[in-house]
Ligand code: C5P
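The chain below stands alone and is given in C-alpha cells; this is the form predicted alone.
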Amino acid sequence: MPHALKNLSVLVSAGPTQERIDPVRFISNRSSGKQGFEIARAAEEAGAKVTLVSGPVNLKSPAGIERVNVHTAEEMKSEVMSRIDKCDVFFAVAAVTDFRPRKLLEQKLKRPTDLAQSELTIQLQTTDDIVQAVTAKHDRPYVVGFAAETNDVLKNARDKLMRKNLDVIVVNDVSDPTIGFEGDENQVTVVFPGSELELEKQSKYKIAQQVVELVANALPRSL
C-alpha cells in the first residue's frame, strides 16, 4: 500500500467539536480523535498529501501532515469547505456535535440558590451538516463517511450512505464498550453501495490501513 494514494490530496476531519453554553461549559461527545488521526497517518504513508482538520483532542499530529485545529462545528465546516475543492478524497471521521445552544451566555450560568429549582432548560438548535454540504457540491471529492451507532447499526449506515450521497461509509457499534471512542482498538464494517466488508477487532492503525487500501482500490480511475 505504500503508493496507493500517490499524488492525491486527502482531507481528513477528526475528533469531536465543542459547542459553548457559557464561558466554562460546552456540549460535546466522547470522540477521542484516535481513528481520524490514524486515517490521516495511513493516508500519508500511502503517498497522499494530507490535511487534518481536528477538533480539540490530546493527540500528537502524525508525521508529514498539515494540521488545522478547530473547536466548533461552524469552525470545522469553514476549514473543510475552504479546502474541499482542492482535495481528491475526504475522510469525514470527525464526530461533529449535532446540536448547539441557541443562545451563548456571556457569564457563567450559576446554580439556583433556591433548592426547589432543580431543573434547567437550554434551548438547542442543530449545527450544519458538513458532509452533506460537501456531497451537495457538483464537483466534489470522493467522500468517505464515518458513523458511530448504538442500534440497527448496518441499517442506519446504509440509510446514511444513501441519504448523504456518500461513496462509502465506515460504521462501528459503540454500544460495545471495548471498541471505539477512547480505546485503541476498533471493529468496523465498510459499507459500499453494493457491498459490505467487516473488519475484525484490531488496532485503530490497522483499521485505518485497511480502510485506506479499500478506498484506494475503489477510487475512480480518473483520480
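This is a predicted model, so every value here is computed, not measured. One-based numbering along the sequence shown.
Here the subject shifts to the form predicted in complex with this ligand, a form of this protein not shown in this document.
Enquirer: Might G145 be said to contact this ligand in the predicted bound form, defining contact as any heavy atom within 4.5 Å?
Expert: Result yes; G145 sits at the interface with this ligand in the predicted bound form.
Enquirer: Taking 4.5 angstroms as the cut-off for heavy atoms, does T127 touch this ligand in the predicted bound form?
Expert: Yes, T127 sits close enough to this ligand in the predicted bound form that at least one of its heavy atoms falls within 4.5 Å.
Enquirer: Is the gap between R67 and this ligand in the predicted bound form 4.5 Å or less for some heavy atom pair?
Expert: Heavy-atom contact with this ligand at 4.5 Å: absent for R67.
Enquirer: Wondering, does R158 line up within 4.5 Å of this ligand in the predicted bound form on heavy atoms?
Expert: Flag for R158 set to no.
Enquirer: What stretch, of 42 to 50, 159 to 167, 56 to 64, 189 to 197, brings heavy atoms to within 4.5 Å of this ligand in the predicted bound form?
Expert: Stretch with heavy atoms near the partner: 159 to 167.
Enquirer: At 4.5 Å, heavy atom to heavy atom, what parts of 82 to 112 sit next to this ligand in the predicted bound form? List them in sequence order, or say none.
Expert: The stretch 82 to 112, when checked against this ligand in the predicted bound form, contributes A92, V93, A94, V96, D98 at the 4.5 Å heavy-atom cut-off.
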